[in-house]
Every structure is written in structure tokens, then in C-alpha cells.
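Below, in C-alpha cells: the form predicted alone, a single chain.
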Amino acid sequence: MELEDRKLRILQAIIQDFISTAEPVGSRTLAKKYNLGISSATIRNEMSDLEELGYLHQPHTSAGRIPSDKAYRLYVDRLMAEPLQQNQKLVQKHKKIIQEEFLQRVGELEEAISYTARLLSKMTKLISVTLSPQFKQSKLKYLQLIPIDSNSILLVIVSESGVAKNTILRTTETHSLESLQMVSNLLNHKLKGLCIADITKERIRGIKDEIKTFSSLIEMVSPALLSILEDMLSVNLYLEGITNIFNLPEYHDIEKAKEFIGFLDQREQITDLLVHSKDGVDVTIGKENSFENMQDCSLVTATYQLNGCVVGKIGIIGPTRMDYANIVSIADYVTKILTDLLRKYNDK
């Protein structure tokens, strides 16, 4: 059933009031605080209709109403444009903060992803989660073997997507700078430009068999090289702001809060929530969440890209009364910044 304009305006006012106060909203409150142009009695009748339609419910007989998941879904899909427009000054303020924070603190890509989680929780006062890029199709940019001392070699690997990894190899033999440089050049010649997922044990063994002069050195380097490449393919999850839930009225019940924190400790489930969210900006509300422990919450996710392909996601978890307009604006802008950072790393 399509809601008429008056009901939509009343529902929007109820949602905005409940987002800011976390208190059930009554008809007198709406009549006093919002310029709806109708009497308290008319508002009360409309609220009763909205309750029958499943958009509101009453936690106690004498209390006002609070929005349902159905109401929040309508708000996100149809009614959020106006708050987004009204929020432009705040959005600009957030953009400036985000830009400054990234410029000051971000170095390597992995650091950028982990710092994003901290920044999101700080700005939203909610729980944030970020997934590091999935780079199965990312290509090897270069590798380098660098002598540290007579028994130690530094192996550095950089992907075209800006991921840099390194490890120290211990050896009983002393290898000259010249030999390490030659092996670096040979491996780069054979492997540079290949997708990370395609650099296998068999491929490196083939290089070793082909280049007999340095086969023992390549064999020594091979396990560490493959281990780093495997690490590049893994997805890291960063979760921040868990203790923020104690500041939310919904979690003043300590047992409920502890149970939810226990759920957040299940990293595989949190990763699953993000991986299966839709691309772009996506909002999952209350019982739309697949996990029971998330059904009093909403999850806002957004994706960041490389060369037009989605490679990673961020998420913000909060109560269903979260300030959707604000959270969506922040998530969307942060992923634009991450996409831009990826492009810059890729262009290096």
C-alpha cells in the first residue's frame, strides 16, 4: 500500500526524532517539535494507522511509538534524500576531517585499511569494520633481494595494487650483492606482470630448473616468496569501536552487550556479512540481517575499487535507529578516498 504524503511526513518526523533521542515518540512531541500543520489528535490517528500498517510499534501501552524495520527500510529507500541535503554542511566538515586524517597518517595500503576502521568508529561513535583488498587478480610489480649481513637477506615484494610485504631470510651461505641482484632481475623477468594467484610452486620450480647457475639460491628464496604471495591473497578484517556499544541505550543491559561482543568476536561471521553485502553503498536493517545477533542492528556497507573492480569493503554497525543519512554519507566518501588511494598506489 502506498502511503499518502501526510503519513510519510509524520513517519519521517518520528524516525528522525527517535534517531536523536532513542525515546518513544508521542503525538504531542511531534505537534510541538515539527511543523506538520495538523493537530495532535490528527497526528495520533495517523500514528495509529501507521502502527496497523506495520511501520510503528508501541513498546508499552502508555508509551509513544517507535519505528519498525519496515519503517527504516522505507526511510532509507525513499525519505532519506531530504536529510542528506540538509546534512551538506556536516558532510563537508566530515570530508575535510577524513582528508586531513588520511594525509597525515596513511602510509602503506594495509595501514590505510586498518586506519580506516579506527577513523570510522571515531567519526560515527559506532562499530566499524574494514576488509583489506582481495587481490587474486592483482599483478606482481617487482621483488627485490637485499643483503643485510653475511647471513641475512631481506626479501621485498610489491604488487601493482600497492601492497608491499617483506621478510628476512636466514642463510648459512654468504651471497654477494651482485648475485642477489641477478636473481632479483631473473625472477622479475619471469614473474613481473603475472597475477599473484598464478605464481605457484610449480612455476618457481620451473624457473629454478631453467636457471641452473642460481638454482640453490632460488630454492632457498622460494618458500618465503610463496608464503608472502599467499599472505597477499588472504583477506584481513579490522574491527574497531566495540566498546562504543556501552554508550548506546540499546545496550545498557550488560548481559545483552556481552552477548553482542561475543558475536563480534566471531570474525568469520563478520567477514561473511560484508562479503555478501551488495556492491556500492548497501544498508541492511534489523531482521534483514542473516545472523540473529545482528537483528537489533543495522549494517551500512560500502565498496572500494581498483580499475573499476570491487576489491574491498567497509562496514558500520549500529542500532536500527542509527543516523542513516550521516552514516551513508561518511561510508560513501571514505570508500571514494580508498579507491583514489588504490589508484595512486597502482600508478606508482
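All figures in this text were calculated on a predicted structure; none of them were measured in a lab. One-based numbering along the sequence shown.
There is also a form predicted together with the DNA; it is not shown, and the following applies to it.
The three marked residues, Pro319, Ala325 and Ser329, fail to reach the DNA in the predicted bound form, with no heavy atom of any inside 4.5 Å.
In the predicted bound form, none of the heavy atoms of His57 sits within 4.5 Å of a heavy atom of the DNA. Put simply, Ser48 is close to the DNA in the predicted bound form: some heavy atom of it is within 4.5 Å.
By the criterion of a heavy atom within 4.5 Å, Ala41 is counted among the residues contacting the DNA in the predicted bound form. The DNA is not shown here, and in the predicted bound form it never comes within 4.5 Å of any heavy atom of Val334. Exactly one of the stretches 298 to 306, 311 to 319, 64 to 72, 278 to 286 approaches the DNA in the predicted bound form with heavy atoms within 4.5 Å, and it is 64 to 72. Taking the DNA as positioned in the predicted bound form, none of the residues of 170 to 193 brings a heavy atom within 4.5 Å of it.
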